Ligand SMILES: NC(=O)c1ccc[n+]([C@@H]2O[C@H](COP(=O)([O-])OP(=O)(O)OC[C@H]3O[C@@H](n4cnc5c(N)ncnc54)[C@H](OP(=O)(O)O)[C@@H]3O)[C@@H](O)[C@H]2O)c1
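Okay, so here's just one chain, in structure tokens, the form predicted alone.
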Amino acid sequence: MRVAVIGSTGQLGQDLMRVFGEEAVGFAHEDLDVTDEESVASAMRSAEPDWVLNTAAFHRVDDCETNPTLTFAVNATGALNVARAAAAVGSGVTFFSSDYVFGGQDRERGRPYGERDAPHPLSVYGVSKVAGEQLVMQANPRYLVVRSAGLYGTATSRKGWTFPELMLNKARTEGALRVVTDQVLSPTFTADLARKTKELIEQDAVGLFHLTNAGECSWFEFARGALELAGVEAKMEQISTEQMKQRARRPPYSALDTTRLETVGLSPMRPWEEALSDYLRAKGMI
């Protein structure tokens, strides 16, 4: 089974390339701009994949607020271009979405969002991902829309760091951390996400799936978990989202329910704490 990975040099893209191995052909941003419809169509005709895995995204959430045109060009129109190009060559398409499609509802901790819950995004980024989902579903009958959250991987991200890396570096250099405690999510190791995505494709599954590591935590708890696993001590201060004064609104609660995996015979992903431990070990941090 031949797959085309769009965004192959990103954190998730690199793990997808690794998981699919020789079956994967990669397209970096320099090779393929998803906003260029004809370029995408030409690349898919050349690659002739069985599945196209689209990880391309404009995901600097605060920048999305001031540049909605680019945000929608990549996350919505770009997603449509890829889905159409895949359909034209008889290929399935996987679109990676986000927990940020949720957050506008009054949600209690411990009641994760399922695939049947209606999206209610709080930010331009979240709205653009909802739009991308809908366009992909409309454009290609063989679609997988995969929502995940709080991604971190062993490959260097475009930001230059992952959240656990940043927390450990700050703890070691400054001895103190200020982390929000009123945003709860299901953080996800991209290596695990890539493997589970492959399992779904091998099942020839279609539809909408939530894929995250099991469990939920606040960003504060996520940071504390990294420090404890690495044996690093630092003063930790709990702060509110309001104190961060960020441009985009973040979901106060966006943990995802992944039980739909069981309907296609797949097991849930492992707990986030176990995945974080393996990640830190792979990075040489513990």
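All values derive from a computational prediction rather than experimental measurement. Numbers follow the displayed sequence, beginning with 1.
Although it is not shown, the form predicted together with the ligand is what the next lines describe.
Colleague: Could you tell me if all three of Glu37, Pro49 and Tyr143 have a heavy atom no more than 4.5 Å from the ligand in the predicted complex?
Modeller: Spot residues vs the ligand: no contact at all.
Colleague: Within a 4.5 Å heavy atom cut-off, is Ser277 in contact with the ligand in the predicted complex?
Modeller: So Ser277 does not count as contacting the ligand.
Colleague: Tell me, yes or no, whether Arg260 is in contact with the ligand in the predicted complex, where a contact means a heavy atom of each within 4.5 Å.
Modeller: Flag for Arg260 set to no.
Colleague: If you check in the predicted complex, is Ser254 within 4.5 Å of the ligand, heavy atoms only?
Modeller: The answer is no: Ser254 has no heavy atom within 4.5 Å of the ligand.
Colleague: Does Glu221 reach the ligand in the predicted complex if we count a contact as any heavy atom within 4.5 Å?
Modeller: It does not: once the ligand is placed as it appears in the predicted complex, Glu221 has no heavy atom within 4.5 Å of it.
Colleague: Looking at Thr162, Thr197, Thr71, Ser98 here, can you tell me which has any non-hydrogen atom within 4.5 angstroms of the ligand in the predicted complex?
Modeller: Result of the distance check: Ser98.
Colleague: Please identify, from 200 to 208, 114 to 122, 145 to 153, 166 to 174, the stretch that has a heavy atom within 4.5 Å of the ligand in the predicted complex.
Modeller: Heavy atoms within 4.5 Å of the ligand in the predicted complex occur in 145 to 153.
Colleague: Judged by heavy atom distances of 4.5 Å or less, which residues of 185 to 224 approach the ligand in the predicted complex?
Modeller: The stretch does not touch the partner at all.
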